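Presented as structure tokens, the chain that follows is alone, the form predicted on its own.
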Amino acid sequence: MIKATVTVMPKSTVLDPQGEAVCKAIHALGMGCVETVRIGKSIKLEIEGTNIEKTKSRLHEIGDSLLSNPVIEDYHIELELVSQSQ
């Protein structure tokens, strides 16, 4: 089995109003040391099989067509091969 995490974040050139609002709220709590906040999403998948390269290729298809908006978001994929007993 393969466990995958797809992390989707707004591109660095795209405004992130939610991240800015959270950053301002953090500052209001007296933690001015936080300079920036970017808000994204994390999608975790469990996938049958052990072929990491094939799985990564398929996840890129899913990431491009379903999990992200390529115009305004970037994503990266982390894969972990795990035994069935975990």
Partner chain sequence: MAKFVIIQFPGSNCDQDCYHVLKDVMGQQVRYAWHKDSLIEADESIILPGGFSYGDYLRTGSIARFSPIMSSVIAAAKAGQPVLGICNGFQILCEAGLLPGALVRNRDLHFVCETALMRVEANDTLFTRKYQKGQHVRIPIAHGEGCYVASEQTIRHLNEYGQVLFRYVGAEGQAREKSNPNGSIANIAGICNSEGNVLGMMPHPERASESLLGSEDGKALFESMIRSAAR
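From a predicted model like this one, the values you see are computed outputs, not experimental measurements. Positions refer to the first chain, counted from 1.
Only in words, not in the display: the form predicted in complex with its partner chain, which the text now covers.
Visitor: Indicate whether its partner chain has at least one heavy atom within 4.5 Å of a heavy atom of Ile43 in the predicted bound form.
Guide: Yes, contact at 4.5 Å.
Visitor: Test of understanding: in the predicted bound form, would Asp74 fall inside 4.5 Å of its partner chain by heavy atoms?
Guide: Asp74: no contact with its partner chain in the predicted bound form.
Visitor: If you check in the predicted bound form, is Leu66 within 4.5 Å of its partner chain, heavy atoms only?
Guide: Yes, Leu66 is a contact residue.
Visitor: Please determine whether Ala25 contacts its partner chain in the predicted bound form, using a 4.5 Å cut-off between heavy atoms.
Guide: No, Ala25 stays farther than 4.5 Å from its partner chain in the predicted bound form.
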